[in-house]
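The chain that follows stands alone, in the form predicted alone, written as structure tokens.
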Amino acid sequence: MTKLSVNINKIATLRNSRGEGKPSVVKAAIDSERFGAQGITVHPRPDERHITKQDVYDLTEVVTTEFNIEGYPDQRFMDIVKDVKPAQATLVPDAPDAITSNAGWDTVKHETYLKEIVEKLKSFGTRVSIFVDPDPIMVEGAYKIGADRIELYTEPYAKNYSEDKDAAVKPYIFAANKAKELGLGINAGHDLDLENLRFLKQSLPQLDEVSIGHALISDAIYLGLDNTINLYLQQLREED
């Protein structure tokens, strides 16, 4: 079964809007795991507009499933990963002021830089995933730099799903097949929701993990966190 990693950035965004510690990201992580999530994802941006550096250290003490820390590999990020040694570090090419991730790495152009980063992260005992567009060339580049997995950037799929889901998923099938051929694990994330997740899973049976935050937390406002997590898990189950 494809694992569900719950991205709790939006919990921190809500907390930070008042600055009074509510809702608690630690409780959100504990409860998400209790309700069935198989991982917790955070993105500790330099401006700390949602997840803070301290949050990461606090979460390290309580996360019992896979802890995934994503971000741009500046020195701050590298220091956090070295200290925390999460199960997975996901590298994204975001500028510090980016609202959210909006493109994958050019793994060909940045091959030398990324290879050094990947080697260092793996020396910490952390699995490394590279955020890439659904392009077999970028997937092959991720393999060449020594990544363990790719994370397919799924915003284009989500945007085009309602118009033509078969066309929308086609590039992801090609990219996933290339990853499988090279022995890379396959993650996916960005704008996945209860409408489009099942079809992606059915189209990419080799999918190891999805990371979902904004849509899942938004659904939880109306449906409750326990119910929402289980609805997402249902979309990832093998049976129809």
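Residues carry their position along the shown sequence, with the first being 1. A quick note: this is a predicted structure, and the numbers were derived from the prediction, not measured.
The form predicted together with a small molecule is left out here; the points below concern that form.
Among the candidate stretches 171-179, 30-38, 56-64, 210-218, which one is within 4.5 Å of the small molecule in the predicted complex when only heavy atoms are counted? It is the stretch 210-218.
Heavy atom of E195 within 4.5 Å of the small molecule in the predicted complex: No, E195 is distant from the partner.
Is E48 close enough to touch the small molecule in the predicted complex, meaning at least one heavy atom pair within 4.5 Å? Judged by the heavy-atom cut-off of 4.5 Å, E48 is well away from the small molecule in the predicted complex.
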